[in-house]
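For reference, the chain that follows is the form predicted alone, supplied as structure tokens.
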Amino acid sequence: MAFLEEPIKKVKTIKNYIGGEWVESKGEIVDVVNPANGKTIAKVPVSTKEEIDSAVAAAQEAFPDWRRTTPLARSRLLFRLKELLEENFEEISRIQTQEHGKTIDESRGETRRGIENVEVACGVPTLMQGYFSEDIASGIDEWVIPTPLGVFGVIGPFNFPFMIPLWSVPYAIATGNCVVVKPSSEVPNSQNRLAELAEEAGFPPGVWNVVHGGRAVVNAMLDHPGIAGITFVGSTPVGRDVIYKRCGETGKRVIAQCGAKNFMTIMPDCDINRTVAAMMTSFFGNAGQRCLAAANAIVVGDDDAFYRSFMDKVLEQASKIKVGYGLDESIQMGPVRDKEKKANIMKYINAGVKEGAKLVLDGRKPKIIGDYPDTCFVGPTVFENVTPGMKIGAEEIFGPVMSVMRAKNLKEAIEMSNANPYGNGHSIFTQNGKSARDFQYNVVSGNVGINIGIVAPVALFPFSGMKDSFFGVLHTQGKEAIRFFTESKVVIQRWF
């Protein structure tokens, strides 16, 4: 059927892209499996340290000429890349669905957000401007000149295979740096297609490199003296204990965007229909595999009638979500990425039952639209009577599980949110301006939503984070990314 058209029609052999050449890896080869139908769609290498060394050497060789390329000329290549991304928009989106499992509408949204970052980076001729003061002392002038640093490593996650590397790469190369991208080996096709389009756009060899692999590749990037900095999106244990720590030890600048346990506060004066609609996309969109997905819903107040009416609407809508292969336009939720991730989600659901939470919508055996194996599918799941100390209330599940709690008032709801070690994307639903401001002011979260379910900043603004959700100083996207990928060279000048 046309709506199930798959862009990857036969098993692809994934190669590394190093110095403008597509190179076969010497590492072990593993399968990439479509989580919806269980079919192998690609073979990807687990590359070696030597291949990272080769990619860094190619980037270092390209750097002097790329740095001397004018910002306007670099911007023109980014504009050309943006055109190619628009021309190939649907194919890129379908690749994401085929290798990750998300619905086609979610993939299209991811593609659009990725392109927007390329679009913002096209403004580098003005974004990268320095500043100047004349006569800071008698006959002395002073400049600040933003200067590229060399080679950066970009480590991508599995959940947004196309978009998240684009939070970094366009800004890095726009400012005159070169990059080595390490995609997740679970979803390598999106970044390979992106590198093909970058090559077609005309980026010089060595400016944009892609090396596939796992832990050995990451370790080689962290240890390599030729890499000036790393951007990373992934779990908190890896981000904090590996990426952030090792970058500190080796003197690299770092952005480590990590895990989350996002709280959504529901006030009794909210617009119920719009709130419930926002909850469906926030809790269950991308099968809950978002660092900005809502995980805990706190319903405020002791009005049991409101609570029951509200929960009835939540359960009514959640139970209607259609689960299946995301290339079917009618599907609202696809599978999780693989059977191991499903097994982990199942452990949390079972733990919630054992801890005494009330399982009011059980997604362990979902109804799947179409003839597909249930290997990676989990349905929308809702718990009531959850407390913050329960595993399902405290730990990141990264699946379509909603834990519902209650609080006496807004102050208690904020305290519950702030007690959790994560601080990525908390939100409130209310029609009261004072409540909204109190929440915005007092909640400890890098991204805050007011009547917004998915608190995702657009490319003009930084993707923030606090506490165990972020390690570093500057953030990806927008002006902060420009600052991260440059150093301020201060020139003080006098002529006799």
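Keep in mind it's a predicted model, so treat the numbers as computed, not measured. Residue numbers here begin at 1 and follow the sequence given.
If you look for the form predicted together with a small molecule, you will not find it shown, but the lines that follow are about it.
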*With heavy atoms only and a cut-off of 4.5 Å, decide whether Cys258 touches the small molecule in the predicted complex.*
yes
*Look up in the predicted complex whether Gly213 has a non-hydrogen atom within 4.5 angstroms of the small molecule, and give yes or no.*
yes
*Consider Gln317 of the chain shown here, and say whether it contacts the small molecule in the predicted complex, taking contact as heavy atoms within 4.5 Å.*
no
_I'd like to know whether Pro157 contacts the small molecule in the predicted complex, with contact meaning heavy atoms within 4.5 angstroms._
yes
*Between the options Ile298, Ile414, Val233, Ile173, which residue brings a heavy atom to within 4.5 Å of the small molecule in the predicted complex?*
Val233
*asked:* Between Ile164, Ala121, Met402, Ala287, only one gets a heavy atom within 4.5 angstroms of the small molecule in the predicted complex; which residue is that?
replied: Ile164
*asked:* Would all three of Val218, Val238 and Phe398 be in contact with the small molecule in the predicted complex, where contact means some heavy atom lies within 4.5 Å?
replied: yes
_Location of the small molecule contact in the predicted complex, chosen stretch of 40-48, 54-62, 462-470, 431-439 [non-hydrogen atom, 4.5 Å]_ = 462-470
